[in-house]
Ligand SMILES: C[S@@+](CC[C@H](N)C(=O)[O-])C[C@H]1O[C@@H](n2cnc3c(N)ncnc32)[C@H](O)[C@@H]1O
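Take a look at this single chain in structure tokens; it is the form predicted on its own.
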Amino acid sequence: MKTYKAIIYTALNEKILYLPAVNYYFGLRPDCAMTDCEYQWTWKELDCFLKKESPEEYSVFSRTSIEKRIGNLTHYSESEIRNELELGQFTLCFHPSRKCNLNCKYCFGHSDYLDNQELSFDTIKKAIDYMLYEYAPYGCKYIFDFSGSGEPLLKFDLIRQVTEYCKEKRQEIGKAIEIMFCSNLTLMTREMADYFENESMILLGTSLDGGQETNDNNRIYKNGKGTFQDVKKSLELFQNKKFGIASTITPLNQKVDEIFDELYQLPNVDCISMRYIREYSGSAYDFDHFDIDELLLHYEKLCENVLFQLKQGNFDYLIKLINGADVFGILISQNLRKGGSAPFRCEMGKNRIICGPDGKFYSCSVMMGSKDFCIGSLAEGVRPDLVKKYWERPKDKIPACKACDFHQACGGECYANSYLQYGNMYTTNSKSCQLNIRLNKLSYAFLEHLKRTQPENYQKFVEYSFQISNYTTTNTALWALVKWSTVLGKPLSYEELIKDINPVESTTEGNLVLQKMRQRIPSAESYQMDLSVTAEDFPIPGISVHKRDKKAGGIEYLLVYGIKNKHVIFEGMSTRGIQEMPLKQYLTNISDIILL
């Protein structure tokens, strides 16, 4: 008789049961007497146990058979994932400068594979155009990331040039484009601060490894002086601009709870991202010198601090953990949705690529310059034969991943880390795997504890997690208005539209769209289409309102060019070009509401 592994463990005073076969966890009753252990149970035994020890979660889980759940996870269609990612957010990375005014103790900037070439504006423009029009023309949002191996503020004039160019492109395609970079901020001037303060397109980050004592032990000037006070002064130059803080966790300082709390107190901080050092040289900073038990104790303290702050009404404490690229924050957000499978560790070679100063494309920003990570060039484009390996799921290719109980919750070993440590992309680091497993287990316990002890805050977090998913796309009302007005030859300004459209509630968005249309066509009105509509009814293009279900994303706006032979000619933000659909089918499946 078929049996299933069930892992029972205790963390944060919560007893959790994890089912590896379906990547699903259950919070058990606090008085559950089962010993922490691994069990092999038949489904009948599991069914009986869960019904008793986790009745609420069981009622949700049992609506779908375990066989179907397993089938959903083991079925992998590369074409389906490709299609989904093609319509998503895309990131193009650059290293604007290879130079830096600091001398951080663990810097990888002197690695052999990184050259000293400087990036030109001409190369950047060509790479941006390639991303927008050839590599990802159907993407719903674009990020141009200037965080690299040097200090971006050394290229302040270049950043201004690129910003103006991206504004032109944003107006042209009607989609969100953002520029982001992480600076050490020590070169920030009043002039620079004023410029960044008024540029909503630019997202800023900085690097700090904790409070002054912690940070100044690692991040120093070439004369040995620490940087903390200068970075803090730069942060204080801003009024409204918020910063993400990137913190490198090393074996010399594993107190993630204290680091997070120290950084949380700084002004104008939007999110805090703590990530582990990439160091495999055998030095004191080497990743293998981490004490996993000690590190997990501090993560448990971090969880306790977050839970305490939430109880005090400080929801912001949790938000700053999950808003960025923090290792643990990502797991908390990811594991809020149970029963899924992480197909990849990251977007490298797929929705995230990098262009080097020589015009060559690479799959990973960390490995820019390495021939083994080169995937094409501006002259030939990204080559399918070179990116093929990045579409193979690491956990399907690496034996250690395939044998791991948590392989559905993990996208596999980081290709760059494996290469830097072992010279290939497919060798796992046992300490990294152990850390990832234990952090996943801790995130399950954190979420179950929050749900059990603070249900209102748990629900607030669930709602917030769905809200932030909208950040990775462009508001379709914004796109439709820009495209519609451009077709008319009377373009509405993207820059002005975004101020009104993005903050508006979806319930009033339709009225606002109509108001904006009336700025160009005073007679614009809302109509209901039926089968009698003809080409003569479309003297100008219109905007169609597609009311999707809430799960699919609410309301979507489409550009309708007209009617031809009882077919609707239309375009959506993520449709692959202009589409034709029979009028009856369009009215039934898409929309019968038109703004014209």
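Nothing here was measured: the structure is a model prediction, and the numbers come from that model. One-based numbering along the sequence shown.
Quick note: we don't show the form predicted together with the ligand, though the next part is all about it.
- For the options 428, 207, 365, 335, the one in contact with the ligand in the model of the complex, meaning a heavy atom within 4.5 Å, is 207.
- When you look in the model of the complex, the only residue of 174, 329, 148, 349 with a non-hydrogen atom within 4.5 Å of the ligand is 148.
- Proximity of residue 155 to the ligand in the model of the complex: non-hydrogen atoms within 4.5 Å are absent; the residue sits far from the partner.
- For residue 474, no non-hydrogen atom is located within 4.5 Å of the ligand in the model of the complex, even though that partner is not displayed.
- Contact between residue 458 and the ligand in the model of the complex is not found at the 4.5 Å heavy atom cutoff.
- Of the heavy atoms in residue 184, some are within 4.5 Å of the ligand in the model of the complex.
- Only one segment in the set 176-184, 228-236, 438-446, 510-518 has residues whose heavy atoms sit within 4.5 Å of the ligand in the model of the complex; it is 176-184.
- Shown here without the ligand, the chain has no residue in 558-586 lying with a heavy atom within 4.5 Å of that partner in the model of the complex.
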